[in-house]
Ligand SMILES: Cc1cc2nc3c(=O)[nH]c(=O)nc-3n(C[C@H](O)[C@H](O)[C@H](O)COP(=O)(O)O)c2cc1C
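Take a look at this single chain in structure tokens; it is the form predicted on its own.
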């Protein structure tokens, strides 16, 4: 395939540094994202000093805010810290984000978003992208999106991630906004055809390999979030079917590799919860899923040696042997 760029979607509370290292064991090809980080949070916390690790190659930081000067202030530090791209969140529909006057509500302020892009471009040499929705509310016209693209592309943004549904800012939770209103892939195709010199990446509802294959050949790439978080081994299907990587990687191997990363951090005092919470779905849709979750929960709750998770496969094997005897 000509276009094979697949991005892990930014997910608040999920795509932290530990999760990214876990994902890198499963795939060398997927492009990584941070969680959404507000400009204020970046400026006033230790996030500004985080140095991108070598294995986090192809890492985009997603920023949220509405103050162009703050974007510019962050941009230079972000470049120095080793990130590969800066993405503006113009799609989050949560009440907290709306109250902060950023996220999806900024679709109504395309000139302000363009100023933010200009400040970033003037402060660093990193590429800038925007993640947004098709529109706001239940109206299915594309005027808001066209206005956003027209203004921000002139300012220097040439790459857009489009969640293929509108954002509902009042009355729906962020969770419901992931499934309501309906997906409109065809409208994203219309947008893509209108701007032939701009890159467009499809996001929303891509949860099987056929849908990915059908769409990745038309768009410049796709973005996938919840499906990968809920079923990490789906990444191995992507590696095989999209990238042609037929190497077999077992869950036992994944655990072994992750422990090489996690054990030194555990010894330095990083909590088992922070290190292991993203691994709960590793045995998704298998007969061992419930036992694995209980096993991890026990290690976290009782603060046991993190290396004990090495024993899980052995315990499963012994259980199977005893059932035959």
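Residue numbers count along the first chain shown, from 1. Everything quoted here is computed from the prediction, not taken from an experiment.
Same protein, other form: the form predicted in complex with the ligand, not shown, and the subject of what follows.
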Answer among 69-77, 203-211, 117-125, 134-142 for heavy atoms within 4.5 Å of the ligand in the predicted bound form: the stretch 203-211
Heavy atom within 4.5 Å of the ligand in the predicted bound form, from candidates 30, 279, 36, 26, belongs to 36
The one residue among 178, 251, 184, 192 placing a heavy atom within 4.5 Å of the ligand in the predicted bound form is 178
Q) Could you tell me if residue 224 has a non-hydrogen atom within 4.5 Å of the ligand in the predicted bound form? A) yes
### Message
Please tell me whether any heavy atom belonging to residue 18 falls inside 4.5 Å of a heavy atom of the ligand, as the geometry stands in the predicted bound form.
### Response
no
**Asked** Does residue 308 reach the ligand in the predicted bound form, with heavy atoms at most 4.5 Å apart?
**Response** no
- Query: Taking heavy atoms and a 4.5 Å cut-off, does residue 166 contact the ligand in the predicted bound form?
  - Reply: no
